[in-house]
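This document starts with one chain, in the form predicted on its own, laid out as structure tokens.
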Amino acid sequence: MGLASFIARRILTFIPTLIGVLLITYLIAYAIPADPVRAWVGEKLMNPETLEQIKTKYKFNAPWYEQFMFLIQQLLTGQLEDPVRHRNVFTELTSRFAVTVELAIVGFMFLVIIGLPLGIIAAIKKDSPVDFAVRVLALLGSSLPSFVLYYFLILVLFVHTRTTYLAGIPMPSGKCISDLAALPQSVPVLGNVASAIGSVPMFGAMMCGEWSVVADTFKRLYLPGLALGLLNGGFIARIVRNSLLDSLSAEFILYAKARGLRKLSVWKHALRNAMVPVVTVLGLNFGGLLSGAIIAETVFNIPGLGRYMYDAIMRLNFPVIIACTFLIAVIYIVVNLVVDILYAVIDPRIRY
């Protein structure tokens, strides 16, 4: 089976996967013994007429399957409205997701910078104190509650040393934003792509040459990014270490050494073969970061997708929960597809 047919077959599985994820999420939310409409309206504005209007609008007087179909229809047509903020959910998701993309990129950079070198060093120094320290770091990253690390870093780097900022997401200038928004009219196809990329504040600032905004973004996001990298970097290091040690003990490495290849060439072949499981873990971690680090965005007060979903869960905001779940499911499906394609690039022995 060729790569094209593999991609087509995977795309066909997207629809039932998305429907299943949305249905399970909705049924869990529906089963909660609470009145979501009262949570939306609040105690001060609560009156029988307002409650009845909202219930009628969102089909809460109809059976659960009609409510579900109504939310899906509104979601797919782009007409879904946030009943708490009274804004279009897609508009809100777009702005929130752009912020989460910035956090995901910074967090992933720290994840790679911490995880890959430590894993390689641990494999080189097998059973040494360095190897033991890397394994302890991996254990701490897997067992330490994330909010404990977040508040510890805030205490050290913000409260005591004042080496970071915690408030605000830097944005490009108004002229830059308007120029990027006008790109689809001037360049039909590439303009839409460039405008979508530029919707991420950091990328938009780069495209307009506003490098001070980019620098300010890293100043404000490096602390949560470092926290995310520390939490997952030890686990990545352990995966790299184990995979590299397995690769070094394989028969093709013994054959390479017997042929007299240089040590650097041997390590290059071993590392390339060891990267297949590492790519899987890195891809899933990046997908998780793109899906919104709920606790990190809540602790650091970052107005991203994770914080948006947290607020929706606290208010039983069904439309936003369904929309966020849909976006997260799409992200994970696409990331898994990209990872599978990268397998064939890294290891030509893999065929589809």
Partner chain sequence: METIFRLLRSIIWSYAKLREKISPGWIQKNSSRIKEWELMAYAYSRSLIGVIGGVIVLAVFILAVIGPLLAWEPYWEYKIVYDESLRYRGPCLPPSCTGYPLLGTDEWGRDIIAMSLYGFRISFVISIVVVLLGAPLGIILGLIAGYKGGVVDEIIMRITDIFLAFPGLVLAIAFASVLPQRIRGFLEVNNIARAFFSGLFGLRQEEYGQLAALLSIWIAMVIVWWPGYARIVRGSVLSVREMPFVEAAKLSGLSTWSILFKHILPNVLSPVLVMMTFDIATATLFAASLSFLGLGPQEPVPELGFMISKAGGYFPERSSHVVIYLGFILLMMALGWNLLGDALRDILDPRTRRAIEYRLEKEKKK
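Computed from a predicted structure; not experimentally measured. Numbering follows the first chain given and starts at 1. Just so we're on the same page, rigid core means the largest C-alpha set that superposes within 1.5 Å between forms.
Just so you know, the form predicted in complex with its partner chain exists too; it's not on screen, but the next bit is about it.
Note on the interface: of 183-191, 137-145, 107-115, 213-221, the segment with non-hydrogen atoms within 4.5 angstroms of its partner chain in the predicted complex is 137-145. Contact with its partner chain in the predicted complex holds for all three of 246, 310 and 328, each having a heavy atom within 4.5 Å. Interface membership of residue 76, defined by any non-hydrogen atom within 4.5 Å of its partner chain in the predicted complex, is ruled out. Although the partner is absent from this view, residue 21 contacts its partner chain in the predicted complex, with a non-hydrogen atom inside 4.5 angstroms. When its partner chain is considered in the predicted complex, residue 323 lies well away from it, no heavy atom lying within 4.5 Å.
Using a 4.5 angstroms limit between non-hydrogen atoms, residue 295 touches its partner chain in the predicted complex.
Along 214-230, not one residue places a heavy atom within 4.5 Å of its partner chain in the predicted complex. Relative to the superposed core, residue 25 undergoes a Cα shift of 2 Å or more between this form and the one not shown. Once you line up the core between this form and the one not shown, the Cα of residue 318 ends up 2 Å or more from where it was.
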